[in-house]
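First, one chain by itself: the form predicted on its own, in structure tokens.
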């Protein structure tokens, strides 16, 4: 580390004002910050309010994402080998999935960071580490077979419109990763739904107990709950299967166990808010119970058990990694409970009542991102009014 520090001290004058490479100072400083803790402090746009800096907070989030990412890679390989009726080992499935998911990650980072580098160079600002997390989340919330050029366009849209148009990291009003998914969902719906986009295979064989459609897709198609099977099995899909994630879906969203491991990391380190996580699950569960109570006969989604609604689709992943985004979430403690509860409730409401949008978590979080400032404003105003009433009573 001493050698790196000496090299930085030796080369930095060339990039400072009056130096030979002065115009490249923002990019140089970004790499310097990546290598070691800088001597300056954040002055504005900060959403980290303790002893660690933004870079460390984001690295912890990336570590928390790793379990879901690794299982997602394994699941991609498992789905593929099952779809063609071929036996496989864990390492074969993981290796196959790695080779299919890696291009998604590379495209996400190359396009996203390339755009951020360009904007920072034009503005003369230091490059922020904010895209480190978004760049990994985006490949985890899309189908493995999404065309890379579509993913590149979605990433560009999310970074330019969702972040840079508002001033960059810390200024965006909606989650950039979800904005990329929303763009893909509405611009290229054929590659975001159906039975073939979840399995990387051009020739999917008919195998007993295998379906390339997501659970929500099968339920919306009228498939009875007891007819939905786990991958490669003739038995009914169990709660254990839902926790493990042994079914078709987005790369990082199927395994609740892997997601909960990430949640423990985020909560233990204080990076994410337990208020938001708990309230999202509470809102989703209560809305699921309400849908069960009024469900007409034959509506498989509304009749799906409320608890199991929390285990399928992107619900758990959204609750842990995206609803808790400190930039776009509510900031007050009471506001976090309200914000999270409404996300969970709206996600299940959209999922049950609008078959066109079976994955309601995306729209629910984006909607509440917009309303988060209003929720905080109402909470703060309510506190002010309550204190003014106490002040009047005391003065009287």
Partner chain sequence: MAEEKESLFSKNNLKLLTGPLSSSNPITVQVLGICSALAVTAKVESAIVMALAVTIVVGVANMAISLLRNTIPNRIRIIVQLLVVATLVIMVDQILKAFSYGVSKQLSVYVGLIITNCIVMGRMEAFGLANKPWPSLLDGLGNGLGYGMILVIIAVVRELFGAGTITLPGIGELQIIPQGLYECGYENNGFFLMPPMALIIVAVIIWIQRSRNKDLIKK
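Positions refer to the first chain, counted from 1. Everything quoted here is computed from the prediction, not taken from an experiment.
There is also a form predicted together with its partner chain; it is not shown, and the following applies to it.
Task: Proximity to its partner chain in the predicted bound form (heavy atom, within 4.5 Å), stretch among 182-190, 129-137, 252-260, 283-291 - done: Stretch with heavy atoms near the partner: 182-190.
Open item on the list: Residue-level question: is residue 91 within 4.5 Å of its partner chain in the predicted bound form, judged on heavy atoms?
Closed with: No.
Open item on the list: Against its partner chain in the predicted bound form, would residue 149 count as a contact residue? Criterion: heavy atoms within 4.5 Å.
Closed with: Result yes; residue 149 sits at the interface with its partner chain in the predicted bound form.
TODO: May I ask you to state whether residue 117 is within 4.5 Å of its partner chain in the predicted bound form, using heavy atom distances?
DONE: Outside the cut-off, so no.
- [ ] Report yes if any heavy atom of residue 109 sits within 4.5 Å of a heavy atom of its partner chain in the predicted bound form; otherwise report no.
- [x] Flag for residue 109 set to no.
TODO: May I ask whether 100, 105 and 141 each come within 4.5 Å of its partner chain in the predicted bound form, counting any non-hydrogen atom?
DONE: Negative, none of the three is within 4.5 Å.
Open item on the list: Looking at 113, 161, 278, 267 here, can you tell me which has any non-hydrogen atom within 4.5 angstroms of its partner chain in the predicted bound form?
Closed with: Contact residue from the list: 161.
Open item on the list: Can you pick out, from 274, 121, 157, 307, the residue that has a heavy atom within 4.5 Å of its partner chain in the predicted bound form?
Closed with: Comparing distances to its partner chain in the predicted bound form, the residue within 4.5 Å is 157.
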